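A single chain comes next, written as structure tokens; it is the form predicted on its own.
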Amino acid sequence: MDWTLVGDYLPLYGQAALLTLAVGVAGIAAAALVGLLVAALRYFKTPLASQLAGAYTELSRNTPLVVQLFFLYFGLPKLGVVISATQCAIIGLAFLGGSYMAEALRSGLDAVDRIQPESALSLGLTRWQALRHVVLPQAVAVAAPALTANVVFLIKETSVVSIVALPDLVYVAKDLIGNDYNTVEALALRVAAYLLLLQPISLAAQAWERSLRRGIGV
């Protein structure tokens, strides 16, 4: 291990780590919104909307992120739609992660006793108000372990976005190995960078999960 090289490479990995984190956070936020909408559509079982949500879930979960990114980055321009590598990565993560978030939330929604939303409706709340104020807080607490696992999963999936020339951690490592042949230093820094990114996120997610479950007594 050449520590001089490690010191020289650190700024490059710092920039790549920030980009990886930014893309991951944006993708996770978008995936959470998509997942919430899809879970709600499937929860209410409106025929057409529920079928469309189910079709999206199957398509998303049964196609690799690499294929989705290739379609977004190389396929859409053939149809006249051009998006940047960063936008492509965020949309891809949202498309993939939305289905996993939706399934996690749907399992939480199904775990809430049906008498609770029915009681909320009898008190004058709309279906969406009952979902937001009564059902969803309990569902999120039940689904918290799966949701936190999905967050970590999506951060790790950012390692694929280098295929659309986004200079993330994987891209930087491959570039350095190809140019300088310093494989050990490049790979060691990549592993260290992912650990430094993922460990705090994992710990924070676990703390959020415990706090959430204590808050509603689950």
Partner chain sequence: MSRINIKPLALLLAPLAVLTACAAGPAEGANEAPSDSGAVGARTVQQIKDAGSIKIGVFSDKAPFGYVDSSGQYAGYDVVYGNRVAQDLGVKVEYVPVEAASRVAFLETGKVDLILANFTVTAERAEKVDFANPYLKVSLGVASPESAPITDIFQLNGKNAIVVKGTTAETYLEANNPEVKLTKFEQYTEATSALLDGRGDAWVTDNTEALAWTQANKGFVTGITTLGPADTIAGAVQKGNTDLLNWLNEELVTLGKENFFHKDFTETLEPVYGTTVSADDLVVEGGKV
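Computed from a prediction, not measured in an experiment: that's the story for all the values here. Residue numbers count along the first chain shown, from 1.
What follows is about the form predicted together with its partner chain, which we do not show.
In the predicted complex, every residue of the candidate spot (78, 175 and 184) has a heavy atom lying within 4.5 Å of its partner chain. Residue-level contacts in the predicted complex: of 83, 134, 91, 121, one residue has a heavy atom within 4.5 Å of its partner chain, and it is 83. Among heavy atoms of residue 43, none comes within 4.5 Å of its partner chain in the predicted complex. Interface residue remark: residue 49 is not counted as part of the site for its partner chain in the predicted complex, having no heavy atom within 4.5 Å. Shown alone here, residue 163 lies within 4.5 Å of its partner chain in the predicted complex, counting heavy atoms only. When its partner chain is considered in the predicted complex, residue 128 lies well away from it, no heavy atom lying within 4.5 Å. Scanning 60 to 77 for heavy atoms within 4.5 Å of its partner chain in the predicted complex gives 70, 73, 74, 77 in sequence order.
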